[in-house]
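Just one chain follows, in the form predicted alone, and it is written as structure tokens.
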Amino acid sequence: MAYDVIIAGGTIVHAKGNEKADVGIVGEKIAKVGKGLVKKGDTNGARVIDAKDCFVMPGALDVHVHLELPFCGTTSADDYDSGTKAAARGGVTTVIDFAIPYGDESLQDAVNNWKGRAKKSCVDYSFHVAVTKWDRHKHEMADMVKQGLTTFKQFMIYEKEGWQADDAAIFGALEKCRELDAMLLIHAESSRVLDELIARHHNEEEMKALGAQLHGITRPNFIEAEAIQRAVKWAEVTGGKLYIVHMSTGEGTDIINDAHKRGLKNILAETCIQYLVLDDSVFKREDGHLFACCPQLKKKPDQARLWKGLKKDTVCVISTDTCTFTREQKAMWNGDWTKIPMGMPGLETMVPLAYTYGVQKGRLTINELVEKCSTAPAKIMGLGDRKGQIKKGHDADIAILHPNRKIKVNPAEMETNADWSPYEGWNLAGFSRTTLCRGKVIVDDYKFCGENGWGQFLERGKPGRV
């Protein structure tokens, strides 16, 4: 067989084991995984990529990103150009964003808006569709599924933004997802108690004394835990597929674990990389407001329980919730923590952080990293037939990582538009030396070399289980 590209001499990492083999690529697909694809130096016209002493891994999927998002009085700084270049450098070859209707927009309006933004994407992409007006949008969900958009999103907070879903809407959406064989993603925080705590502390004296620390003080763990418990109950009684996004607490992990023990396989949860490596002590820093995200960073014991949750498959996916704001945008807070644009950059550093602090620290195996960042998210989000594995017939989405090469995080040298990083100065292994998206080399020698607009919109099948 004549190949266009051969990745030779590396260690292929699967979710369930490793193998020493070459990867033969024809067009955009993996044509063969086997030994000796380069015959005695004869490449038969193929481009040969030397992966000796490196891990050859399926490209990661970040299934929770926000690019070019109007939010908190501004628009997030990374668009589909800079954001997906950052993704590629981090070994991420697929992103799933959220198409959110504004005002009286329909679900189709939202999808059209986000498709317009994504035309410049350098990696493949899809969308979760936010159901923000239940009485209207419930009638449009079936049409979304027909278009290959099989996951929906509801927020238990953000009433002022017009995004909030009450219990009746969540209950109804889970019933509809059961009917359509779709899945509901939930941002789980208890709105009314959260609002009460914010009101209690929103005064000049405390803001002057505590600054960004109030972001954490007003979001204690029970704000997330109670909301997760409620969402789990609605999923239990409806039978709808539920996916808890950006879970940040140990208590949340325990609730999901208990649900699984009771046989509720329709309930899944992700965590984000920042909750695994950062804690709320950062809010005491002079620049602590930069780290405001939603949910906010928790404490070291929460980190430990989330890592254990990943190990036990209680937590099935690592994502980022990337929502990038510059220092200037973050400065909009002017000492009032309720006005901080919430979100952090993450696409470029997700896999390196998971590798450095997961694999190299012994918290995860290299195979478990592939499971949580590639194979599981592909299966769960309806892409398991083409993404997330190095397998014949799958898209040639591949990241080649040197096991020990470390790079110091420096925003000035990164693809993101952020002029700061939560991890600035950290030495991280696991950046992608070479990234291929559908057979095209888009990162070479750690530098982006891809093509604006190369990314394709992905129609997805029914959400799976792992």
Ligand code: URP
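Sequential numbering from 1, following the sequence displayed. Here the structure is a predicted model, which is why all the values come from computation and not from measurement.
Omitted from view is the form predicted together with the named molecule, to which the following refers.
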{"query": "Contacting member of Val359, Cys294, Ile198, Ile223, with respect to the named molecule in the model of the complex [4.5 Å, heavy atom]", "finding": "Cys294"}
{"query": "Contact residue in the model of the complex, chosen from Arg89, His128, His289, His246 - any heavy atom within 4.5 Å of the named molecule", "finding": "His246"}
{"query": "In the model of the complex, segment of 28-36, 416-424, 402-410, 62-70 with a heavy atom within 4.5 Å of the named molecule", "finding": "62-70"}
{"query": "4.5 angstroms heavy atom contact with the named molecule in the model of the complex for His137", "finding": "no"}
{"query": "Lys372 within 4.5 Å of the named molecule in the model of the complex, heavy atoms", "finding": "no"}
{"query": "Partner proximity in the model of the complex: Val277 to the named molecule, non-hydrogen atom cutoff 4.5 Å", "finding": "no"}
{"query": "Distance check, Cys323 to the named molecule in the model of the complex, heavy atom within 4.5 Å", "finding": "yes"}
{"query": "Non-hydrogen atom within 4.5 angstroms of the named molecule in the model of the complex for each of Phe152, Lys241 and Pro377", "finding": "no"}
{"query": "Contacts with the named molecule in the model of the complex - residues in 183-205 whose heavy atoms fall within 4.5 Å", "finding": "His187"}
